[in-house]
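Just one chain follows, in the form predicted alone, and it is written as C-alpha cells.
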Amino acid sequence: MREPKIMNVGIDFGSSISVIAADNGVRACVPSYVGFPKDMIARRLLGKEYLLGDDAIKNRLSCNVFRPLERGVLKYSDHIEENLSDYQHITWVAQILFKHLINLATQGKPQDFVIRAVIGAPALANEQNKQALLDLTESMLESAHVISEPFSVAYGLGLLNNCLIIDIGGGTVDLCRMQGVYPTKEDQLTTYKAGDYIDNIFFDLLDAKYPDANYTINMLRTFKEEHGIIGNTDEKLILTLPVCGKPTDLDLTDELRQACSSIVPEIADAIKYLVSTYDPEFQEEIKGNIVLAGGGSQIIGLGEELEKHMTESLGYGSVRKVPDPLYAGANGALMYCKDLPEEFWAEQKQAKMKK
C-alpha cells in the first residue's frame, strides 16, 4: 500500500472569511458561514444537509446560519464550562467549515495525505482559545500549531526586523512588531474595533438617516468591501435600497466614511504604544515600516489617515499595504509550516498520541 504524502497547509481561520494555502499549489477561501435548512421544505428545496460560505448567505431565509468564530476565536472558547452545550454545537459547526477547507486543499482526497497545519489566530488569543482550535481540528490533521496572524503575514513577506504589521480582519485588528526574533506578548496588541464593528456603526448611521429604508447588515458589508473610504471624495457613494418597498438611490457617502473612520483612533493609539516602547535606537526605522494586511487594509485612505496620526503623535510615519491581503496570512502560515524542523512535528505527534 502506498504511503500517504505529507501535505503542509497554512490556514487563516477567520471570523468573516477562512483561507487555506497548501504546498501542492492550492489556494482557496470561503466566507466563514455554515447554514442548516430550517425545516423539511428547506431541505427539499436545497437538497443538502448544510450550506457553506456564499451559498449559506444566499439562502439564509431557508437556513439557520452560523458564524463559528467571533473576534477571531471559536465562540464560547473563553468560557467553555459556562456554555458547554453552545460550545459543543459551535465546535461541530466549525469542524464542518474546517473540513471543507481541507477538502479544497486536498481536492477531495484527504485520505491520500498526512496533513500538517499552521493556523493563524489573533495576536493575543489565550491558551484556551488556541487549544479550542487544536481540539476541533484534531481528527483531520496529523499535527497542528497555532501562531499569531500578523506574525504569519510578516513571516511570509520576510518582514522579520524593525517592522510593524497591522492585520485588519472582521473580528479583530492585530498588531505585531518584529525585531528579528519570534514576537512576545509585549510585541503584540489586539483591538476589537475591526470589520464587524464598522458594519454595525454603518448600520446604525443609516438607520438614523433613512429610517424607512430596508436593508441587511450583509448588504452593507458588501457595499463597504467595495467602496470603503476614509477622507474626502468628490464621488458620491450611492446604494439602491428599498424604501417602503420602492427601490431608491440613497447617498451613503458620509455614513460609510464615518463608519470606516471609527476604527482609526484605536489603531493609531496601538501604533503609538508599540513604537514608543520599542528600542529607541530603532524607532525611526520601525516608523517607516508600517504594513497593513487583511481585508480592512483595502479601505481607501486608511494608510494616509494613520500616517497623519503618526505625524502628530510620533513626528513621522510611513504606511503601505501588502500586495495580496486575502492570502498573505495563509501564505505565511504555510511557509512557517514548511520551515519548522522535523523534530518539532515529531514532538507534536508524540504529544497528540499521549492525550
Ligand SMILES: Nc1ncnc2c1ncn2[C@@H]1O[C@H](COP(=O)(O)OP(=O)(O)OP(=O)(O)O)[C@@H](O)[C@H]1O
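Predicted model only: the values in this text are computed from it and were never measured. Note that residue numbering follows the sequence shown and begins at 1.
Separately, the form predicted together with the ligand exists; it is not shown, and the next lines address it.
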Only one of 295, 317, 303, 37 has a non-hydrogen atom within 4.5 angstroms of the ligand in the model of the complex; which is it?
295
Within 4.5 Å of the ligand in the model of the complex, counting heavy atoms only, one of 277-285, 83-91, 99-107, 222-230 shows up; tell me which.
222-230
Given that the partner is absent here, does residue 168 sit within 4.5 Å of the ligand in the model of the complex, heavy atoms only?
yes
Residue contact check: residue 299 to the ligand in the model of the complex, 4.5 Å heavy atom:
yes
With the partner left out of view, is residue 196 within 4.5 angstroms of the ligand in the model of the complex by any non-hydrogen atom?
yes
With the cut-off set at 4.5 Å between non-hydrogen atoms, does residue 14 touch the ligand in the model of the complex?
yes
